[in-house]
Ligand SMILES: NC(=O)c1ccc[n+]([C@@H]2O[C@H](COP(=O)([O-])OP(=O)(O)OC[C@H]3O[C@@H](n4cnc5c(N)ncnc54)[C@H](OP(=O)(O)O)[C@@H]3O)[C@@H](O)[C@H]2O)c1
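Taking the form predicted alone, here's one chain by itself in structure tokens.
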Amino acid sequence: MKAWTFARYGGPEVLEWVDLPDPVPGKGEIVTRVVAAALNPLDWKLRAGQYKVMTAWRLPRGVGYDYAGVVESVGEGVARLKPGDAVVGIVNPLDSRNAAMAERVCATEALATAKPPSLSFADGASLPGAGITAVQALREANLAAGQRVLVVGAAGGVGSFAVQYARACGAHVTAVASTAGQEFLARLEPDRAIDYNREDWKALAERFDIVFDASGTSTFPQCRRLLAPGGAFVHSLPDAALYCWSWWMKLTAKERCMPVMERPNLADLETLVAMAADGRLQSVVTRVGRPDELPELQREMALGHNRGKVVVRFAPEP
């Protein structure tokens, strides 16, 4: 089979489209013929070496971790899924050489779920990484109906799911994106949209129960004044300073500073798939590329030139 891999850290030029042996499922694993796989910022950050302390010993390694496809074979102990099933799944991006930007992926059954017929493979592939991050971040911030939620980076993958999930839970959502992102943002129907090129969202007079920075462009001190009493600042791209603020706020204040990192989880994936299948989540796929376009797609993502989710198609829609 063909797959995208890299054997050293660097720019998109280190990516290689190589021949690999067809995978064989182990205990609890499934081998899936990939129809579509989605890009995430973590893909290019891993390739660039930003997490080399955790991953260097696994080079060479594959690319991508969100996928949708058709099960071809299953290993010992697999009970929920069988060959021929259409599935949506995720592989752990940090502890696996195997990855989703390939013609086939070998992954644990524990992180895959059946794809409903009403959900396309491209839309299914877009859900796991970004969607799970959004759901977990808002849940940990104690999202509830009637709350006021500010989503920064609302036209990106995580942000676009956060806007929709918060609205589905009954929150009042203010969404922040660039001028170029406003047309895409309008499809998600936030209660209010802010163009950060024209309005300084950090200077808003409103106070919010949750401020969710899905873009990684702000700091907690910049956003603290936006929090209502007892409110939470959530950041999905945390650094050391944010963890220090999180600890300090636990000791000294009612407001919370919450670093959030995605934890692959079947229950959250099933929730997202169900919401997408019944129309509570709209498609956020804005581009479907070819396998040979991956290096350039990663380059554009690193420059912040994408809206919603970008998906690579490896096989025709069955």
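Every value quoted in this text rests on a predicted model; they were computed, and no experiment measured them. Note that residue numbering follows the sequence shown and begins at 1.
What comes next is about the form predicted in complex with the ligand, which is not displayed.
Checking 260, 281, 269, 46 for any heavy atom within 4.5 Å of the ligand in the predicted bound form turns up a single hit: 260. For the candidate set 147, 113, 174, 215, a heavy atom within 4.5 Å of the ligand in the predicted bound form is found for exactly one residue, namely 215.
Proximity of residue 90 to the ligand in the predicted bound form: non-hydrogen atoms within 4.5 Å are absent; the residue sits far from the partner.
The ligand in the predicted bound form comes within 4.5 Å of a heavy atom belonging to residue 133. Under a 4.5 angstroms non-hydrogen atom cutoff, the ligand in the predicted bound form has residue 301 among its neighbouring residues. Taking non-hydrogen atoms only, residue 219 never approaches the ligand to within 4.5 angstroms in the predicted bound form. Contact annotation: the ligand lies within 4.5 Å of heavy atoms from the stretch 154-162 in the predicted bound form, the single such stretch among 154-162, 100-108, 71-79, 222-230. The three residues 64, 120 and 313 each lack any heavy atom within 4.5 Å of the ligand in the predicted bound form. Taking the ligand as it sits in the predicted bound form, the stretch 291-318 comes within 4.5 angstroms of it through a non-hydrogen atom at 301, 304, 305, 306, 307, 308.
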